[in-house]
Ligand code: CAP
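Below sits a lone chain in structure tokens, taken as the form predicted on its own.
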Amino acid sequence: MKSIDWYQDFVDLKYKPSKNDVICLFRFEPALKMSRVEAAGRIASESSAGTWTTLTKLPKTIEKVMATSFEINGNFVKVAYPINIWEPGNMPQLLSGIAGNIFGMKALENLKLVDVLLPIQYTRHFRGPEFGIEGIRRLLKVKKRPITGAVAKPKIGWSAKEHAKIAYETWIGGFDLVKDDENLTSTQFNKFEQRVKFCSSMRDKAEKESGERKSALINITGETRQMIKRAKMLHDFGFEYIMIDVITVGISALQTLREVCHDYKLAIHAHRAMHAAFDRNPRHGISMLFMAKICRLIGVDQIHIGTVIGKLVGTQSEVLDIKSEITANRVNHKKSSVLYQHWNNIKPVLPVSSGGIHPGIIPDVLKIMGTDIALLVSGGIHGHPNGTRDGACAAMQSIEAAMKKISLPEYAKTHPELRTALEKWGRLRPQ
């Protein structure tokens, strides 16, 4: 009897990938009574040229467009995809293949897209970051210490004028950036346009009084044409950044805004709201490492990656793997869960550490993450007993202590703002 399906034609354990192949690493769990080889064949088939049954007629090019599962190691499988099945510069199309129907197949109990090796033949069609780490440092005139920023907390509820006043206190306390949070765009009580105008005025005042460069991460997230208008307004008011919730707006919108930001010479701050909906489960979904990777390729300048010891999930290993992926020129981990990647001329992205940070744990964060990061300390400054300005000052003092390798208790003896912060929070690690 002739075979009804042709899934196993998509498995070749002797296959040697081409230098131009896109290679995906999946963690997979076959459904009951389904062998690993059968399941691996279905992954490669459904994400490239296959279907559920044998066909009467096939194109002459079929062997040049079939993906191949070529390495199975326990619950991990590597799949190679020919470069010619991917449209140059079209990231949504790539995701439609490698993260499309395969996640809904009954043959798989669980499936996790762990990492993807993107060859230079594919990456060369993308801009990457406009500024990168060095460009951001030049823009803000910050040479060595972490870039600092804070969200006005509570994250939503303030009027535009109140929001701008909090921004001013944050800047005067020593911070470089103020930031909208993920769910603040334009509300009845805090219109985007008013927030931009008020923050612009307070920024100018803070820069004049401090002699330092100040900027803001104002959230333009919305319908794509609306985001383009908002980006122009930020440019017209002299801001250097836009902020986008990159997951919720979608990859296509992000690619469009990257082109807009190139024209306006705006940096992109990428908030990853909604990421945990598909990356928190270690057995199913898409890894944050890969999402951060495609954000680098498209061209964000900074992106949230976690804190390790803050309030959000993310082990030290996971967070540092993401940090390496978005900052290194060549990633060549020995770990089985991270693939080789050469970034060629794509600039590095500034990692953003946020979520439950306060002055008492800043040295711990810097010990893990280093100083080439953006450090967002929000509730940890606004909750200071003496207010936002002293809170920002305390956070800056904590950074100074860490960089001078002086213990916080010792530094606090001559820095009252830090001392007050430590009296409230100590070394608390929020959950």
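From 1 onward, residues are counted along the sequence shown. In this text, all values refer to a predicted model and were calculated from it rather than measured experimentally.
If you look for the form predicted in complex with 2-carboxyarabinitol-1,5-diphosphate, you will not find it shown, but the lines that follow are about it.
Undergrad: Which one, 106-114, 196-204, 169-177, 147-155, holds residues whose non-hydrogen atoms are within 4.5 Å of 2-carboxyarabinitol-1,5-diphosphate in the model of the complex?
TA: Contact-bearing stretch, as computed: 147-155.
Undergrad: Given that 2-carboxyarabinitol-1,5-diphosphate is left out here, which of S378, Q397, S47, T68 has a heavy atom within 4.5 Å of it in the model of the complex?
TA: Of S378, Q397, S47, T68, the residue with a heavy atom within 4.5 Å of 2-carboxyarabinitol-1,5-diphosphate in the model of the complex is S378.
Undergrad: Using a 4.5 Å heavy atom cut-off, which residue among G355, P82, G132, G222 comes into contact with 2-carboxyarabinitol-1,5-diphosphate in the model of the complex?
TA: Checked against the cut-off, the match is G355.
Undergrad: Is there a heavy atom of D321 lying 4.5 Å or less from a heavy atom of 2-carboxyarabinitol-1,5-diphosphate in the model of the complex?
TA: Answer no; every heavy atom of D321 is more than 4.5 Å from 2-carboxyarabinitol-1,5-diphosphate in the model of the complex.
Undergrad: So in the model of the complex, does G360 come within 4.5 Å of 2-carboxyarabinitol-1,5-diphosphate, heavy atom to heavy atom?
TA: Output for G360 is no: heavy atoms all beyond 4.5 Å of 2-carboxyarabinitol-1,5-diphosphate.
Undergrad: With the cut-off set at 4.5 Å between non-hydrogen atoms, does E240 touch 2-carboxyarabinitol-1,5-diphosphate in the model of the complex?
TA: Result no; E240 lies far from 2-carboxyarabinitol-1,5-diphosphate in the model of the complex.
Undergrad: Whether G306 contacts 2-carboxyarabinitol-1,5-diphosphate in the model of the complex should be assessed with a 4.5 Å heavy atom distance threshold; does it?
TA: Heavy-atom contact with 2-carboxyarabinitol-1,5-diphosphate at 4.5 Å: present for G306.
Undergrad: From first to last in sequence, which residues of 254-278 have any non-hydrogen atom within 4.5 angstroms of 2-carboxyarabinitol-1,5-diphosphate in the model of the complex?
TA: Residues within 4.5 Å: H271, R272, H275.
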